Every structure is written in structure tokens, then in C-alpha cells.
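Encoded as C-alpha cells, the following chain is the form predicted alone, with no partner shown.
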Amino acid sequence: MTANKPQSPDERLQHEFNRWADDGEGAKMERHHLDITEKTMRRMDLRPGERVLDLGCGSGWATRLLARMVGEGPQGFGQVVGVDIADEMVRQARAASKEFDNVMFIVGSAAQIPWEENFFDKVLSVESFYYYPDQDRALAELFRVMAPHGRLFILINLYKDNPYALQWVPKLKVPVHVRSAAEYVELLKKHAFGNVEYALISDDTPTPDNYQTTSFHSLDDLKAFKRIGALLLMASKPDVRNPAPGYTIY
């Protein structure tokens, strides 16, 4: 009898986030992250006709917000593609998005984004980047699928500069990366992104005094976590085009 083959990092992620989908966590993510995501979208300067990638789209709630903002306009009919490793999350996203003509959801890994080169004008990733096993590979893939002058927005709640976020790392069932804002800036620059900067996005959603939290040591810690806010990384792809597969530039 052969031993069970160990799961790859992507398979482990898929298994865990399918479990999240079964537990209804997709809807919870919208409630927990809507405030900081809407603030991020206001910084994205989204315009009708743009092509947008939502990487780590989960149940598609942010994808649908993006789709409304880039719909039909003078520059054409905008398109939003949601990619997630969890096929059950994608199934839920498709079921909830039938009214949208400009949305597509695909099961895929950040390490191999299933899309063509030089395509997306804007990229948004909400609360998923620190889960990606190979962040270097993910950034290389994002660079590949972004159009020249495309803009990248990565929003994450887990980073070193918000010490309260570290309280819920032990509760996670998959490995995560924990970097500082400065370390992320250097990582983006290493992958040839330009105009790299970051901002802290506070969560102004009211927290009731009787709210029960299992992720933080106390309610005061949760409120402090929200005040410090999430890390928003912003960067641009230079005016370069990636070659199609099969070509190598020396």
C-alpha cells in the first residue's frame, strides 16, 4: 500500500478555503473587510472600460463592486476577472453574480494566473496575499498579466507593523507570511514595480461593546487593530510589455 501523497501548498490552501466557503466565511469576509476595501477602491481611480483582476476573490463580493465601477462607458465595456484557488468559493461567486455581464470567475493559483500577458489595467487583492506560498512567484505573475502602466493594489490586515494582527496567526491552519510595510515595499521594487508606496487604511466600522471576538485577546485589542488599520501596497508596472510564452529576452 502506498502512502498518501502529501498536499502541495496550493492544494492545502484550496482545501482550507473550500472549508471556509462551506462554513459561510465568504459573506463574513465582506462584512469584515467592506470598509477598508471601499476606501481602497476610491484610491484606484477606477474608470468605465478598464480591465481589472481581483486576485484571491473568494465569494466575489469585491469583484462585483469593481464590476459596477468599470461597466459600460465612453472607453468601452469594462471587464473584471476574479481568480481564487478555492473552487467552492468560485462556485459561490458565480452563483451570486449571474446578473453581471462583465464578470468572470476562474479557479486558479497566484503562482500561475490563468490569463494572458499585458492585459489588466488595475489589480486588486484583498486579504489574500500573505497566504500565497511563493510571494515572489505571485508578484512575477502579476507583473506578467498587468498592462504597461497598470496599477497594483494589495490590501492586507496581517503585517508586522500592526502588532495586534499577530494575535490571530496561531489560529490559522495554513502557513502565512508576516512582513513589515518596508519589507513589502522592497519586495515589490525587487520585481521591477515602480511608484511603490503604502498607506494604512483604518477600519471605521463601529464595534459594539458586547461584540464577542475569538481572534483577539480582548475587545480593546480588536478596536486598536482596526484603528491602526490594514496595509495597502500600491505600485505600477513600467511601460514594458511581457513577451508571449515561448519567447525569451536576454
Ligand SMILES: C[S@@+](CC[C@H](N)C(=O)[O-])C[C@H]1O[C@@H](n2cnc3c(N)ncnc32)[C@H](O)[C@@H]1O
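Quantities reported herein were computed from a predicted structural model and do not represent experimental measurements. We number the residues from 1 along the sequence you see.
Below: the form predicted in complex with the named molecule, not depicted.
Contact annotation: the named molecule lies within 4.5 Å of heavy atoms from the stretch 51-59 in the predicted complex, the single such stretch among 184-192, 207-215, 51-59, 38-46. Of the listed positions (F143, F105, Y159, Y131), a single one reaches within 4.5 angstroms of the named molecule by any non-hydrogen atom in the predicted complex, namely Y131. Think of it this way: in the predicted complex, the named molecule has a heavy atom of just one of A110, V81, V123, A165 within 4.5 Å, and the residue is A110. Although the partner is absent from this view, L139 stays clear of the named molecule in the predicted complex, with no non-hydrogen atom inside 4.5 angstroms. Shown alone here, L152 lies farther than 4.5 Å from the named molecule in the predicted complex, counting heavy atoms only. At least one heavy atom of L13 is located within 4.5 Å of the named molecule in the predicted complex. Interface membership of M29, defined by any non-hydrogen atom within 4.5 Å of the named molecule in the predicted complex, is confirmed. Shown without its partner, the chain has F17, W20, G26, M29, H33 in segment 14-44 as residues with a non-hydrogen atom within 4.5 angstroms of the named molecule in the predicted complex.
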